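For reference, the chain that follows is the form predicted on its own, supplied as C-alpha cells.
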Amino acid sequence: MANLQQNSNNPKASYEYRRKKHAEEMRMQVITFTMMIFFTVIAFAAVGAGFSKWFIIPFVLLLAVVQVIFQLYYFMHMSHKGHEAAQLFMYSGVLVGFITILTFLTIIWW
C-alpha cells in the first residue's frame, strides 16, 4: 500500500485522504451490517426449520460470536489504532470468563 501521509501541508490532499478513508470505513460498516442481518435471518431460518437442538444451539451461538466480533471491530472501531489497551482488557475478561465456565463445567461433570 502506498505510504500516504495523514498530516500534509496541502489541505486538499489531506481532505481527499480523509474522504477516501471515511468512504472506505462506511463501505465496510454497510457490508458488515448486511452480513449481520443475513446471519440473523439464517439463525431464524435454522430454528424455524426444526433442526435438532444439538445443531441449533451451537450454530446460533457461533453466529452470535461472529456478530459480536463484527460489532466490536467495525461499529465500535476496535480495528483502529489506539484501542490496544481496551482490546487487552476485553480479551483478558473473555479468557477469564471462559476459564471460569470451563472450570465450573469440569467440576459439575466430573
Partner chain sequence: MSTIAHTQKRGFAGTVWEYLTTVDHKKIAILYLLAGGFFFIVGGIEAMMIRIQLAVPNNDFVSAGLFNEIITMHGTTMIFLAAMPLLFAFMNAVMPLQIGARDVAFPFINALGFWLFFFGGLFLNLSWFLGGAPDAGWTSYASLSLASEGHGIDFYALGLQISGFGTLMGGINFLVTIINMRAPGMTYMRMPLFTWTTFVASALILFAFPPLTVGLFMLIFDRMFGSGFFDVAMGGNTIIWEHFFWIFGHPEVYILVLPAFGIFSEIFPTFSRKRLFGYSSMVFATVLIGFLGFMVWAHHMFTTGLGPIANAIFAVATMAIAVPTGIKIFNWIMTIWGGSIQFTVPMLYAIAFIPSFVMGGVTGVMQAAAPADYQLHDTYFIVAHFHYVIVGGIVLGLIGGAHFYWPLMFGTMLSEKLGKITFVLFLVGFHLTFFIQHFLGLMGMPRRVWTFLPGQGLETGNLISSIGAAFMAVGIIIMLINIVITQKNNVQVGRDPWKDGRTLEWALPSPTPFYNFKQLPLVRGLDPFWIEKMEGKTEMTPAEPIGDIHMPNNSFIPFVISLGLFIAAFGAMYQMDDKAWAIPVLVIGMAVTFGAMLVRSIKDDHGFHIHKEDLLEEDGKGGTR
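Numbering follows the first chain given and starts at 1. Predicted model, so just to flag it, every value in this text is computed and none were measured.
Just so you know, the form predicted in complex with the partner chain exists too; it's not on screen, but the next bit is about it.
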| item | value |
| --- | --- |
| Residue 13, heavy atom within 4.5 angstroms of the partner chain in the model of the complex | no |
| 4.5 Å heavy atom contact, residue 85 to the partner chain in the model of the complex | yes |
| Heavy atom within 4.5 Å of the partner chain in the model of the complex - qualifying residues of 87 to 109 | 89, 92, 93, 95, 96, 99, 100, 103, 104, 107, 108, 109 |
